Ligand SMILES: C[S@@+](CC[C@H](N)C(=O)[O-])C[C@H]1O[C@@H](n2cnc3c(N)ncnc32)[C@H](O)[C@@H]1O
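Only one chain is included here, represented as structure tokens and corresponding to the form predicted alone.
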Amino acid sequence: MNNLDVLSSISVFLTGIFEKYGPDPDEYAGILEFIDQIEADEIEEFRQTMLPILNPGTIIGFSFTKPFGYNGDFFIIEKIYQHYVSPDPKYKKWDEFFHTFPAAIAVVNRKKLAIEILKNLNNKISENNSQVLILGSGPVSEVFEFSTKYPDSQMFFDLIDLDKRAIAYAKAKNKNFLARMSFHNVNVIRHNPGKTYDLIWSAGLFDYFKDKHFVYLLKKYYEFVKPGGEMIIGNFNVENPSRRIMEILGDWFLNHRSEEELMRFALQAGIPKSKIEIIREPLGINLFLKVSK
């Protein structure tokens, strides 16, 4: 089948789907198969076909239009965390489809992983006053859920985000726990913490950085890890089955990296090999570079 035939076939297929306001579960695989066949020079034409849903009314359209000016903003991450589905019947099925993407499931998994890491740290520090730094804190949902479950914890969080709207949202969400939080509207590249931490965590920031910035920030913030502490950095794996649909429909581009690349970055940052480990969320789509001191 040539490229013209592929696009014509997609158009016919999608016409029926739009007539019933979105795909049913048995059609998900067909859509993904079509998208995998699209060539680079066909992307814009395909997007024109998909314009009815490429608006902020759908989660994928929210990513495509970027109302906050950048990919992976706090609001879309929160929509993924909360399994948000539009009440509008024109968009409801599309949001349900979005939440089946392996990448979306992996994002939820990394929040669960963060909560588990915080729980283990809370149990590990006998004085229960451990210090945590979160880079690219977004909606701060993992801290909210941890704090709700462990209201007596004395763990303190420094939270860094470049988006003032993210900080305002996170403060409102965590209004009952603000005594244990300090928000910083700064650029992680220029920020100087001025203190050390038991844990430095970043779930979804470093895969927007070029390699040299990744290494620079890893080396910089490793200096602020306490002896016995850890720094854990998330990054999407090169093995991401949702990559094509994220890039074509969501206009959402990440620097996908392998375990070997993350290991190499840590070594380039001067971290001893014995202090480096790679962990994964259950799907293996989000990798985490874990360095200890």
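Note that the coordinates shown come from a computational prediction; the quantities given were computed from them, not determined experimentally. The first residue of the sequence shown is number 1, and the count goes up from there.
Missing here is the form predicted in complex with the ligand; even so, the following discussion is about that form.
You can rule out all but one of 74-82, 170-178, 150-158, 93-101: in the predicted bound form, only 74-82 has residues with a heavy atom within 4.5 Å of the ligand. Distance criterion of 4.5 Å from any heavy atom to the ligand in the predicted bound form singles out 188 from the list 121, 188, 218, 132. Highlighted residues 112, 238 and 285: none comes within 4.5 Å of the ligand in the predicted bound form, counting any heavy atom. At a distance threshold of 4.5 angstroms between non-hydrogen atoms, residue 108 is out of contact with the ligand in the predicted bound form. Though the partner is left out of this view, residue 117 does not reach within 4.5 Å of the ligand in the predicted bound form, counting heavy atoms only. Residue contact check for residue 198: none of its heavy atoms lie within 4.5 Å of the ligand in the predicted bound form. In the predicted bound form, the ligand lies within 4.5 angstroms of at least one heavy atom of each of the following residues of 155-182: 160, 161, 162, 163, 166, in sequence order.
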